[in-house]
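For reference, the chain that follows is the form predicted alone, supplied as structure tokens.
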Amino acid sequence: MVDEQERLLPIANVGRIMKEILPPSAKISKEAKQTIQECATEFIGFVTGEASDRCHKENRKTVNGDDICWALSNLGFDNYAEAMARYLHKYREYEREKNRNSNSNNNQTLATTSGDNKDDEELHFGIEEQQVRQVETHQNLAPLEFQFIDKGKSSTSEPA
């Protein structure tokens, strides 16, 4: 039983994710959490296995976000693949902006060592919320809610 529990997603995390979508007064049974825990773990393994097979065929050792998007699409989860591709694009933009800000801050603060740089600590998604709400691709897909976590903090952009 211990081996089985080690391969599953943490039940507390699963319960927390489930609670986010439900009204505050809603309750979730232990059985419901365990069922979702098993299904989510299986789904992640299924998609990752497909992505891993692709990497193996291409003689690569590292599965990346593009491989996951490809696997989702290849397995028939096109809606998820499109949403994941949009998320991945925004995440990469966020990382580039974070690196740019970090590099410019490092260049500006070479002479100072005060450590009073709260902008870096509180850097959140650098793209305007309006842009996140209206992510445009070649198809007019519905806007998504993106969450990025930076140093233990989370920021959420609310859909319009």
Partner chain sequence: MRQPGIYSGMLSGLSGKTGPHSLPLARIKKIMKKSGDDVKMISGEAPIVFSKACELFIEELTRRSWMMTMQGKRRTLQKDDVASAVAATDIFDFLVNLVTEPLNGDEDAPGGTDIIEH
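In this text, all values refer to a predicted model and were calculated from it rather than measured experimentally. Numbering follows the first chain given and starts at 1.
Omitted from view is the form predicted together with the partner chain, to which the following refers.
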Flag residue 59 as yes or no: does it have a non-hydrogen atom within 4.5 angstroms of any non-hydrogen atom of the partner chain in the predicted complex? no
How about residue 52 - does it come within 4.5 Å of the partner chain in the predicted complex, if we only consider non-hydrogen atoms? yes
4.5 Å heavy atom contact, residue 101 and the partner chain in the predicted complex: no
So, residue 27 and the partner chain: in the predicted complex, are they within 4.5 Å at any heavy atom pair? yes
Contacts with the partner chain in the predicted complex, stretch 17-43 (heavy atom within 4.5 Å): 17, 18, 20, 21, 22, 23, 25, 26, 27, 28, 29, 31, 32, 35, 36, 38, 39, 40, 41, 42, 43
